[in-house]
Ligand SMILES: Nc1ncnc2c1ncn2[C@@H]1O[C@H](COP(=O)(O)OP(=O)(O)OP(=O)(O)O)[C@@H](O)[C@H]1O
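Just one chain follows, in the form predicted alone, and it is written as structure tokens.
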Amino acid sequence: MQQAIFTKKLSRIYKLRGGKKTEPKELIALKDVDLEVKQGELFGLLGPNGAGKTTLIKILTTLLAPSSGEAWVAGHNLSTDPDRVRPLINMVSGGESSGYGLLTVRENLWMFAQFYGIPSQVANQRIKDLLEVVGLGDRLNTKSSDLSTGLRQKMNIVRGFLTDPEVLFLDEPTLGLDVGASRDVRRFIRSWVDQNEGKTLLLTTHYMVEADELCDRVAIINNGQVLACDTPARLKRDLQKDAIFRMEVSPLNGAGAGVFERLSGVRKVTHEAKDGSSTLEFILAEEDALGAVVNTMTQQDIHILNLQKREPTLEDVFVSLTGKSMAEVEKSGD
């Protein structure tokens, strides 16, 4: 199958300048990223904020030059043939405020279609059809400034599909949307790929459920590096040999999660403190390791309030790869 996107040791380093007497510091946004996205695939980049997802998309859409490495999109080299790539792609970012508030929804979308040279008759029909699909058919003549945040983002989503691109990049498209609007957008994204053979969509997200529900394959990215890449099912199946337990317990009495990480058979532990209780999640090499965990809790006078064994999720895959949950990584800034 033909490759829609291919990167080879793609890196991006930002120079951060301090005072006059200090040497510039380097921020490694991407490091030696090797990626292959097949034509017709809905491919996901899953990672926390700051992982390098947006930097990668900016490079692949010719908005940013790599510091080193090479990349091809729709069969064209980004370094030597960017002008041949641009007519074949489109991009939408979550939370963006594109468009002119004084223009109606139709006028904004029609204007954008003209940038791509789409005939007016074709553009107007596509606009009407796409707005109906996302539930904005009755807002055709509404000024975009009068739209809610969710409806404006739906308009932006339509803008991405309007040009019928060979490769479409969606960067956190459901960011800030409510549950209903997010569901509508995800349904539309999946149906577009399914109904348009050969079209490719690259989606970045930090929502585990979104990646699991939508994507044919997922690359997990953190600190600018791709840590794993496969179908969501296979990524989770690789953890099936491990036993995953979720425990609600009494306060840890100052023990900390580290006391469990040192136990034999304990691969990873995550900890979330709540009022009057704590929630611990364990990834164990085997179920027998649970005995040592329980014994340690008894010694620390920690009481088990609830215990559940569950199937792996993409969150567990991320924890297994990084040692932290997505929320912990975003909070720490690692």
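Given the structure is predicted, the values throughout are model-derived calculations rather than measurements. Sequential numbering from 1, following the sequence displayed.
From this point on, the text means the form predicted in complex with the named molecule, which you will not see here.
None of 26 to 34, 293 to 301, 276 to 284, 262 to 270 except one has non-hydrogen atoms within 4.5 angstroms of the named molecule in the predicted bound form; the exception is 26 to 34. Using a 4.5 angstroms heavy atom cutoff to the named molecule in the predicted bound form, none of 173, 207 and 328 count as contacting. For the chain shown alone, residue 55 is a contact residue for the named molecule in the predicted bound form, at least one non-hydrogen atom being within 4.5 angstroms. Residue contact check for residue 48: one or more of its heavy atoms lie within 4.5 Å of the named molecule in the predicted bound form.
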